[in-house]
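A single chain comes next, written as structure tokens; it is the form predicted on its own.
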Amino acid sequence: MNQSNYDVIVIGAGFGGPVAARLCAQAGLSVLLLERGAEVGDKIISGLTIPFYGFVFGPDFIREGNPPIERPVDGIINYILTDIENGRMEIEDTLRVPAPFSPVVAFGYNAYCKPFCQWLAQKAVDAGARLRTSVVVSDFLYENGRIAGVITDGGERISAKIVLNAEGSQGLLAVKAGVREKYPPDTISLADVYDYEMDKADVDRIFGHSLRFCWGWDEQKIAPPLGRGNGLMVWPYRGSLHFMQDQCIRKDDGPVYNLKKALATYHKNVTEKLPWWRDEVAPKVKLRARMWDGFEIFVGLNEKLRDMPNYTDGMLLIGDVAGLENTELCDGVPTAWFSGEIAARVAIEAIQKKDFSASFLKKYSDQVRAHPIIHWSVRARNRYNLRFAQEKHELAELKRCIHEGWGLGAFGHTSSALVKTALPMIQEDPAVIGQWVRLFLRYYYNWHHERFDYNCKKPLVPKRPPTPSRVLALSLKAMDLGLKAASPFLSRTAGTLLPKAQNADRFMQKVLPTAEPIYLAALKATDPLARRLGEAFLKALVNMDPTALDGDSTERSRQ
């Protein structure tokens, strides 16, 4: 017989729900994680790029763990298509991790959603949460006006002290509870995703570790209208590709599009006319699936929606249902992780104090809105501003938007958020720097050897690693000792710099025009040597004893 009373009910086993469920279960609470799909991840079967800051600044069990990733990403190549008929284009590829650090140090990691969410859910179960699938929540239980549990579509009534709602971007339950409004069409983007199989050797050779974005004028019919869609993105995975285009369901000033027809036209034009796809990619791929996906890309830019509450008596909203999609990157995973952590901490405190009122739970909203990366994510406007380049039909304006959104100019808009998030963590525990270093090393090692939790392959490494690998392992131990010795200094320095972090964007905007050409020229001049060093570094890394790369021993004991 199913238990009918819990401390915490979490709705949705996507990216945010399991994070909250795991932390609450770790605190000793009884937690029920409900998923409407027959399997975790059934409703989010496509893939995406998860930016590095989600892993670096997110939950420690992810930072210290071995989640299933498909490929590290070292940068973005933007193709600005000026004349598709004659294959003319300009390239913006300044946003890349240079050798010898690439591809170990990554801007992000490509992953398929389903296995990653299954990994997260299993971590929640390992911590003591109970997972139930094929359960659709249709309504809420109320007690003196407070949400006090859920009602399933089968009529089951399950009570809880607090409900954490991570239902996803449609947010129908949040709307039904009167907490949010349904998102208007012009804030929602519908993505047309083609999933292609491709031999890993071909992916490695053609794409390496870079994403490819394509941009062009509307009349070329090669990508969705600028600023109302996502252009065209090509994501490389281990042995597959995603070709994705998306378009807002409604233009601000016009009628509803025939999206299916329009996106099919874009796909045909690109695959037949874009030289590198037509000549290099098309002969090597096989279509495996075509999928439709939706996300609330511009909710954060709608002031009314952004200011709506993400809490009510007895319930908190996590991730997409709270409108926390990143407007620049079309990615809600880091914000789901951050808000999931915050929700869990507030829920634990609410249970301890036996206060589930909206006035108490408002602290969740305050903390979410104050989070530097969440604050930036829902307000960034570079993608939205592409529409003005289209309206003016100015190539210079288009190139500026792309450079500031997906080129090196992005640091003029993201630096403050990153620095303001990093410094408090260093101030609290400078050893976190060592965890960040190991994260990048371990994630590449795991990708190379397909060494992940739950389906972990044993890497074929020598019984006695070669000398460079042993030197690298010793260097990590020396780093740990150095961080320990310098801990008081690093903590004080981080605290001193923190008040100045809000000026990081302005500083980067001021220095980038002068520093960027010097930096790019230096990279070009040192590239041959840097690549040789990078190859030696990779060889040493993949032949290491993996225990030197693993996270905290207490985390490993829980896996």
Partner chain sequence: MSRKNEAIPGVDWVAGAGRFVSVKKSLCTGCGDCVKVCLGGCFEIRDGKARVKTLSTCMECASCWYACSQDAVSFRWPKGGCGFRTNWG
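Because the structure is predicted, anything quoted here is derived from the model rather than measured. Positions refer to the first chain, counted from 1.
This protein has a second form, the form predicted in complex with the partner chain, left out of what is shown; the following refers to that one.
Would the partner chain be touched by all three of Ser169, Ala289 and Asp293 in the predicted complex, meaning a heavy atom each within 4.5 Å? The answer is yes; Ser169, Ala289 and Asp293 each reach the partner chain.
Classify Ile158 as contacting or not contacting the partner chain in the predicted complex by the rule of any non-hydrogen atom within 4.5 angstroms, answering yes or no. No, Ile158 is distant from the partner.
So in the predicted complex, does any heavy atom of Leu263 sit within 4.5 Å of the partner chain? Yes, Leu263 lies within 4.5 Å of the partner chain in the predicted complex.
Is His448 one of the residues lying within 4.5 Å of the partner chain in the predicted complex, judged by heavy atom distances? It does not: once the partner chain is placed as it appears in the predicted complex, His448 has no heavy atom within 4.5 Å of it.
Would Ile188 count as touching the partner chain in the predicted complex under a 4.5 Å heavy atom rule? Yes, Ile188 sits close enough to the partner chain in the predicted complex that at least one of its heavy atoms falls within 4.5 Å.
Could you tell me which one of Glu341, Asp192, Asp74, Asp331 places a heavy atom within 4.5 Å of the partner chain in the predicted complex? By the 4.5 Å criterion, the partner-contacting residue is Asp192.
Which residue, Lys182, Lys200, Lys353, Lys362, has a heavy atom that falls within 4.5 Å of the partner chain in the predicted complex? Among Lys182, Lys200, Lys353, Lys362, a heavy atom within 4.5 Å of the partner chain in the predicted complex occurs only for Lys182.
Only one of 107-115, 303-311, 399-407, 475-483 has heavy atoms within 4.5 Å of the partner chain in the predicted complex; I'd like to know which. Heavy-atom contact with the partner occurs in 107-115.
The partner chain in the predicted complex - contacting residues of 135-149, heavy atom within 4.5 Å: Val135, Val136, in sequence order.
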